[in-house]
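Next up: just one chain, as structure tokens, the form predicted alone.
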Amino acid sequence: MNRLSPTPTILSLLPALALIPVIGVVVTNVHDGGRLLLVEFVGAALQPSLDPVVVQSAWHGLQITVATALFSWAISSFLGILLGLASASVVWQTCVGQSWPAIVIRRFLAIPRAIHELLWGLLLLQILGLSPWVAILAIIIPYTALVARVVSDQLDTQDRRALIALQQSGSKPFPVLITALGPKMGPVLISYIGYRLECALRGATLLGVFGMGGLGIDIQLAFRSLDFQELWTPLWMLAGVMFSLEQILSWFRSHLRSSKNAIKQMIITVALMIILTLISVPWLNAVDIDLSESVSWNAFPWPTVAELKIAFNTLPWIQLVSSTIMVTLLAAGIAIGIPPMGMMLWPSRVGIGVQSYIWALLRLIPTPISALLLLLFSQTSLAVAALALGAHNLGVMGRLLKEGLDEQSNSGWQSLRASGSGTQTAWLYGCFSGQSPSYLAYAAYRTDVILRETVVVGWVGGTGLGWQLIESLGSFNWAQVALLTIVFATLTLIGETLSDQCRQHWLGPSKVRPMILDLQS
């Protein structure tokens, strides 16, 4: 007897049920004073402050954020490509006949990749003090490891028949690798590195919200004073940069796709990265960020074994880990289930257009600001943390889903509509069903990203590994910081492994490309 199992289409919609308990808790904890502030916040979006002092300050912060993102992105991309080649099994097997060095390097890179850039920033702040290198290194370290993983995975999952044939013909290792694997790597790397630039811009803004320079400081100060008109001034500036960046990257990718020469594509991309790097350094100097100034190095106070034992026995590990997982699952459910549910309920062109603007707005507002906004009218809870984190990632998932649907044929939709099916049914089975397996595969990866990002909103829930990490850093309890970092990294690596298995299940081993195009947006 065959076992009944939900289809990918239904499985994509079911996570939306997570919104019910989250909204229930948030609404139950609502207090009257916050409602007026929420209305004021929304109304201020239409009347941002145009005071010259506010605009000038936001413009200065925006330049710092963009220049920091460009510099960090370029360095991490270069290093990531090099380390990706060094951690690819196919490279070592082709050159020396052994693959174990690649495995060792890949395992080593898993540690910086597992720690969110905000946590890197907070740790580096204790070591380097108030230095512009804190925000830069906080982005470079994890992004380098992420790019390296993409490069190595892409190389190791390619068809090796051409490579074997060239090896048997007696060609040397490096020309063999470039000729056999280079053409397919070009488009993937170009798309991925472009999306990594968007991530760097968001990361630089987020680090600024936590006091590490740039536009985020203006956003944080405006929010603390509850001056929402001043808050929307830098937010709209950031929106303009993000929109312009998306359009430029889209044009750049389409322009390069018209060229069939992958090596030429890579040369153009690398040359552009070098140019942007050379631009970003004097740009930082122009906004009073001197990268050549000496950095004060504070030795990290490594805890003793006795201190580690005390910290281990003091912290409520079960509660911290379980609450972190709970926030992750609830936020992932909101982010994964709401976009297809919304498009199914309102599948018209106008409906999808309105939802696209909502998704763009959710991507624009930094997660900490969303969390603080929710706290204006609701009490601290895991539901607030899950809603803030889920809302931002909902914007990412909605954009990805729309792009996937735009690229596929609408013949299924037309056939079902012609046969008399309703609009919702035709969209669900004629449009979304073809995208649901790849959507679920990406959803598995996005859940892994959300787990990393719980450190950003952990303090909103008043519990969890992220909240305890920030508390321990604030009290300089380095034994707790060390243990919490290890546990958090281990948890994210477990999540990463599970997400890889889910992607293989939904896409199949022959189609798996672990992180391609939008996967890190």
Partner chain sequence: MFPQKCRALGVTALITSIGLVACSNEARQTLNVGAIPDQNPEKLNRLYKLLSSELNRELNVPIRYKPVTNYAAAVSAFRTGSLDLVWFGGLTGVQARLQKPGAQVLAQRDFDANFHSVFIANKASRLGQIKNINGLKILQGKRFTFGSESSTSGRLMPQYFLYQAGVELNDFAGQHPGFSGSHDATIALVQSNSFEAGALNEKVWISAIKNGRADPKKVKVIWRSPPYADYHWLAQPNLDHRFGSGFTLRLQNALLNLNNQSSSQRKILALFGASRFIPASIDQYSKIEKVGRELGKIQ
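Numbering follows the first chain given and starts at 1. What we label the rigid core is the largest C-alpha set whose atoms superpose within 1.5 Å from one form to the other. Computed from a predicted model, the values in this text were never measured in an experiment.
Separately, the form predicted in complex with its partner chain exists; it is not shown, and the next lines address it.
Relative to its partner chain in the model of the complex, residues Asp159, Trp359 and Tyr439 are all farther than 4.5 Å at every heavy atom. Although the partner is absent from this view, Ala299 contacts its partner chain in the model of the complex, with a non-hydrogen atom inside 4.5 angstroms. Its partner chain in the model of the complex comes within 4.5 Å of no heavy atom belonging to Leu345. Shown alone here, Ser421 lies farther than 4.5 Å from its partner chain in the model of the complex, counting heavy atoms only. When contacts are judged by a 4.5 Å heavy atom cut-off, Glu471 counts as touching its partner chain in the model of the complex. A single residue from the set Ser378, Ser191, Ser433, Gln93 has any heavy atom within 4.5 angstroms of its partner chain in the model of the complex; that residue is Ser378. Contact annotation: of the candidates Leu83, Val384, Val209, Leu428, the single residue with a non-hydrogen atom within 4.5 angstroms of its partner chain in the model of the complex is Val209.
Looking at 278 to 286, 99 to 107, 391 to 399, 143 to 151, the stretch with residues near its partner chain in the model of the complex, meaning non-hydrogen atoms within 4.5 angstroms, turns out to be 278 to 286. Annotation for 463 to 482: interface residues with its partner chain in the model of the complex are Thr463, Trp467, Ile470, Glu471, Leu473, Gly474, Ser475, Phe476, Asn477 [heavy atom within 4.5 Å]. With a cut-off of 2 Å and the rigid core superposed, Trp283 has a Cα displacement that falls short of the cut-off between this form and the one not shown. Superposed on the core, the two forms barely differ at Leu109: its CA moves less than 2 Å between this form and the one not shown. After superposition on the rigid core, the Cα of Asp227 moves by 2 Å or more between this form and the one not shown. Note: Trp283-Phe210 Cα separation is 3 Å or more shorter in the model of the complex than here. Distance between the C-alpha atoms of Phe210 and Val287: shorter in the model of the complex than here (change of 3 Å or more).
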